[in-house]
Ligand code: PMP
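Next up: a single chain in structure tokens, the form predicted alone.
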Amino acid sequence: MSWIADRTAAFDSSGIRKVFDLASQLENPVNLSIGQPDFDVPLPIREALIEAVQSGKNGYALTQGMPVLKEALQGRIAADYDHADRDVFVCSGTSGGLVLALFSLVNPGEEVILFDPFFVMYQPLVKLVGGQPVLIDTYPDFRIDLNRVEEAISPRTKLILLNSPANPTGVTANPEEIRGLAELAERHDVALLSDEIYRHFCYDEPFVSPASFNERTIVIDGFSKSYAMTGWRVGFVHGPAEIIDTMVKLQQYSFVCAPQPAQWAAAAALDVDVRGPIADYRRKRDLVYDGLRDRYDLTRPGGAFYAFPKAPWGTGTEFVEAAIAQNLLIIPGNIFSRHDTHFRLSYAAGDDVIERGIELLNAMAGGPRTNG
């Protein structure tokens, strides 16, 4: 249709749509596709939301965030990073923060370095703002090669986008990679944007942020994954005040604010202990890795709640289509990558679902089924 803006061509949902169109035909599928926690929102957070609604906190929030949450976040961030210039604001989910960050930082024609595979939103959003994605291949082990990053930096490079622990691979960058990337960005005067939505889901070593090594790092974080608040749309961004002020200005004319009742609940979430669910996900990670490593080429995930095995035969898409035919729902890797060699599974599911998924995947590893 001639009315549709050209910029919308940056987005193509056909890959995911095809998977879910196939899945819609399944009855009670073994679902290892959903990227959201399977535990409920902790009770104190739900109670705080109800109290906020019942006490009339239902109007527009301040664009930069309600003081009950923003000031609590500012105090914690100041304790973690002794930076003279680091401010914070509350955004409408981490996805909203990502949109605002790219619109605030990237001019048309400027380059943004992404690590392949990448979260599905990254490349389309870079194109939406007129930027040029520069993809750095991290296969087969999904580690960051600092030499390749430095070689990719050009006079047009504006931003490096890091996600660790990562979606879709579950791989966590090690401290040497984090420090090296932070120092590289600083040395070349390139902005560094760190998507830390899975920071609580680190299973083998403590989380490390590039903001520890580069005071101008912009950090995106939120409550969706750690507290199972995916539908509540509360995130936050912290970084240099001039950048934060610009993002707040853009939020005023786009998302307006994050939902006010959910901000009061998020403030309560800051005092909720989620070590129990995190430990449970560490156990689920081990269940998946130990169950598949003998028959699949699989890098051990260090965090998040995803694994990214290589398809043992065919393309990633062909393998996923065969899995769906076996009532198993997983996601083809080419949705997250230039390569169609892997698939993503999420272990944010019950143990019985995970165990059934492992059984089906191991049965499929020997090759596709043939008729007759």
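When you see a residue number, it is the position in the sequence shown, counting from 1. Remember, predicted model here, so these are calculated numbers, not experimental data.
A second form of this protein, the form predicted in complex with the named molecule, is not displayed here; the remarks below concern that form.
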| said: Check K225 for me: does it contact the named molecule in the predicted complex (non-hydrogen atoms, 4.5 angstroms)? | reply: yes
| request: Report yes if any heavy atom of Y198 sits within 4.5 Å of a heavy atom of the named molecule in the predicted complex; otherwise report no. | output: yes
| said: I'd like to check something about G93: if you look in the predicted complex, is any of its heavy atoms closer than or equal to 4.5 Å to a heavy atom of the named molecule? | reply: yes
| query | Heavy atoms within 4.5 Å of the named molecule in the predicted complex: does R300 have any? | reply | no
| Looking at N214, S104, T138, N167, which has any heavy atom no more than 4.5 Å from the named molecule in the predicted complex? | N167
| remark: Exactly one of F89, Y122, Y203, F142 comes within 4.5 Å of the named molecule in the predicted complex through a heavy atom, and that residue is Y122
| query | Among 254-262, 237-245, 287-295, 159-167, which stretch has residues with heavy atoms no more than 4.5 Å from the named molecule in the predicted complex? | reply | 159-167
